[in-house]
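The chain that follows stands alone, in the form predicted on its own, written as structure tokens.
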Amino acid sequence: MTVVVTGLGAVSCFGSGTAALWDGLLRADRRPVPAPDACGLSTRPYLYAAPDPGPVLPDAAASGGEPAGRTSALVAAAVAEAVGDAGLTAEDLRDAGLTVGTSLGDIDLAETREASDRHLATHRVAAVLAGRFGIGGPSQTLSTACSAGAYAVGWGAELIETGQADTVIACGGDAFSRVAIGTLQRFGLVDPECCRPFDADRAGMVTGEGAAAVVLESAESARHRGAAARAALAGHGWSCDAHHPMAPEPSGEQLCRSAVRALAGATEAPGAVVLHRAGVAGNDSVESAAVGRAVAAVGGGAAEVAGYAPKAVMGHTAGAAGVFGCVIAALILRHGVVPPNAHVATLDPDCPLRVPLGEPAPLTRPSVLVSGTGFGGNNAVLAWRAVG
């Protein structure tokens, strides 16, 4: 069964909407700003901050009276755009599925001095969204750290492929967290300047806020509704290194396995890869090498495939990152170009992929691979192709 994307939504440091996202990616000049809180650190950390999403949620969230925080509001804004883009009605949503990728959920509710509930309830975001939009089908929250969004999209596709739903809203989001930035800083994983994924002197990640959403449908459902497909899922694969709580397995064998599975039905290498690459040298190198081997397995040369790392200009959005990757893949397929990579003074000499710099590069083949990796070695890779 073919799964297609019929709606896209996003809220990022560039503003609200996928148009703002695409414009910001093409400009490739965004740098982070000081975080709103020093978090008890000796120096104030940097953040790619998202705007206030506005009144997208009622004052009392329709989820048993539970409060909604900033992450829920960001994701609700992205879902609203995606639902509108797909032309879904309230009746369509009644039986639709919902998959949510998030690392920390509405963590802001637990990080205030007045907080009475310090429990990290990531599932609350899904409850808030289901109540806000009347989504009544199967619901799942995926919290596999940085790969959660990619898992959410893959899981949503499986709900459709197994006949559990005709339509699924797959989304992800995370907002600024004092706990998260403090922990990353303590582990030495934060670049003090900006995120530089393809630079030889990269020094770590920079956190970002945001949310992204895609409407997934069976091709038959999209035809029945008369909805335009933005992209089609060609394949997806999951795996787990089970090597270390934070570091990837050095050989990248399991990530390569996921990528090979995603590309199993491909007759040629993808035109581009939207990488997880976040500026952490060891992780970046393992990912690029693993993806390069997967591309070779389908008869392509890695040097012919454009590698793109959006975290350079929007930061690491945690649970949203994989969904952002899928939205960006659909936009690349729509416009036929790959945005330029940012903040590269000296190109990483060990990257086997072609790295567009300075200006957008033509998409040489109508397919895009999206790679997602997370703490604990959780890998999720999705292959997208143009429709028509």
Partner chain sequence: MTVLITAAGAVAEEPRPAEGDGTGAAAWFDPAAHLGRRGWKYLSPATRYLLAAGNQALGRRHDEPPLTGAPAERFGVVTGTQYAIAGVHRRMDDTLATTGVQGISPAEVPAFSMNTPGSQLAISTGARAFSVTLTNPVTAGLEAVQFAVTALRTGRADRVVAAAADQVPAGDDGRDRYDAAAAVVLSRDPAPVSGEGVGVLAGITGGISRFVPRGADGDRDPAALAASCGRVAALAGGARNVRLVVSGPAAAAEFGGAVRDAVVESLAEAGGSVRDPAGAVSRARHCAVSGLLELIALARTGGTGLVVSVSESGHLTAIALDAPVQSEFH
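Residue numbers count along the first chain shown, from 1. The model shown is predicted, which means the values in this text are computed figures rather than measured ones.
Unshown form predicted in complex with the partner chain; subsequent notes refer to it.
Contact with the partner chain in the model of the complex, defined as a heavy atom within 4.5 Å, is made by none of Gly15, Thr89 and Ala345. Screening 294 to 302, 200 to 208, 275 to 283, 244 to 252 for residues having heavy atoms within 4.5 Å of the partner chain in the model of the complex returns a single hit, 244 to 252.
In the model of the complex, no heavy atom of Ala76 sits within 4.5 Å of the partner chain. Within 4.5 Å of any heavy atom of the partner chain in the model of the complex lies no heavy atom of Ser221. Using a 4.5 Å cutoff between non-hydrogen atoms, Cys256 does not count as a contact of the partner chain in the model of the complex.
Looking at Arg124, you'd find a heavy atom of it within 4.5 angstroms of the partner chain in the model of the complex.
Although the partner chain is not shown here, in the model of the complex the stretch 135 to 173 places heavy atoms of Ile135, Gly136, Gly137, Pro138, Ser139, Gln140, Thr141, Leu142, Ser143, Thr144, Ala145, Tyr151, Trp155, Glu158, Thr162, Gly163, Gln164 within 4.5 Å of it, in sequence order. Compared with the form shown, the Pro51-Gly40 C-alpha separation decreases in the model of the complex, the change being 3 Å or greater. Whereas the displayed form keeps them at a certain spacing, the CA atoms of Ala38 and Gly188 lie at least 3 angstroms farther apart in the model of the complex.
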